[in-house]
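In structure tokens, one chain follows: the form predicted alone.
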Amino acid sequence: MVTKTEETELNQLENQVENGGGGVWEYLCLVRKLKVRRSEFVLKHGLSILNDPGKRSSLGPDEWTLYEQVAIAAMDCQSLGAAQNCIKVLQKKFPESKRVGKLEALLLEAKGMWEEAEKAYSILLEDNPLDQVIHKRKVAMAKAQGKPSLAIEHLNKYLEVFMADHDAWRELAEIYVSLQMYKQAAFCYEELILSQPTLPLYHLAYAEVLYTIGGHENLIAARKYYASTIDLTGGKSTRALFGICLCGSAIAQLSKGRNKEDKDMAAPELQSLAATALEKEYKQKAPAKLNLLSSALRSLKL
């Protein structure tokens, strides 16, 4: 995560470089250190150093790091010729390098040569089955080809080994949601909440999946997770406040005709609090849309 101070420093240095004020190498080093993607600028200014023999030789061993950085930036910008030239230089210098092998596979992927890229990644995995980057590249390739089922297969195999990878669980959940496989998505969010219980994003996503699945029990559980999202954000989640209202309305519809003891007694008070909080927020931040909100809340019989 890049801090505001680091982002400000990076933007200032970027403006300085763009305006011819020097500091190109410092800028490229900072981009690399912060692990941000400023591919267009990296390609432009990186090539300006690599194409100048004097500047290039002054880098010493860092020359090869810059070739790698520019190759990746070139692939991002679809300048595949520039990427190939950089990779050729690295192949000549490091003929047996697995790191260069990854760049070769990335180039095949960038060219849309899926079968060749898959073979290249498989060979690299034979040497190092625990290479997380390569596993994730295979997932990315499956998604790029419009094969979500294959992406799910790769992610499930990956998570058998790297069970603590939160980003992978979230990616898997989002793919399941896109395929309307909500029960599987709910399982993924349960894993995320267990590992990071204070992150409101996961509580909110889980609540929305439960609300989508529907049914009395799921709606009550969804409302609980919407409420926990509000608690974790200090009452600042508009989406969760709407969720409370929607759940309350849906539960009321399903509760019609039930015995008194089976009815949800907490609903009216909780819905009323959520509706009041929404109206207060809209008055402060979007007064022009307050009437629209009031109309929506009335339609939910709140």
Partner chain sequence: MNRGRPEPGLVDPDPLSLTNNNNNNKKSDLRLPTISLFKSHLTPASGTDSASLRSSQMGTGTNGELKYEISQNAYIKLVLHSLRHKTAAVNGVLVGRISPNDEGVVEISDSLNNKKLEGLSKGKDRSPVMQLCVRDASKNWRVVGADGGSKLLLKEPSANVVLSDYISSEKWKEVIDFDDHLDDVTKDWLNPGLFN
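Rigid core: the largest C-alpha set superposing within 1.5 Å between the two forms. Residue numbers count along the first chain shown, from 1. Not measured: the values here are computed from a predicted model.
One more form of this protein should be noted, the form predicted together with its partner chain, which is absent from this view; the next part is about it.
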query: Its partner chain contact in the predicted complex: Gly146, any heavy atom under 4.5 Å; finding: yes
query: Any non-hydrogen atom of Tyr121 within 4.5 angstroms of its partner chain in the predicted complex; finding: no
query: 4.5 Å heavy atom contact, Phe242 to its partner chain in the predicted complex; finding: yes
query: Leu246 within 4.5 Å of its partner chain in the predicted complex, heavy atoms; finding: yes
query: Among 268 to 276, 234 to 242, 50 to 58, 66 to 74, the region lying within 4.5 Å of its partner chain in the predicted complex by heavy atom distance; finding: 234 to 242
query: Position in contact with its partner chain when the complex is considered in the predicted complex, options Gln180, Thr198, Asn128, Asn156, heavy atoms within 4.5 Å; finding: Gln180
query: In the predicted complex: members of 127 to 142 within 4.5 Å of its partner chain, any heavy atom; finding: none
query: Core-aligned C-alpha movement of Leu10 between the shown form and the other one reaching 2 Å; finding: yes
query: Core-superposed C-alpha of Ser39 shifting 2 Å or more between the shown form and the other one; finding: yes
query: Core superposition between the shown form and the other one, C-alpha change of Asn19 at least 2 Å; finding: yes
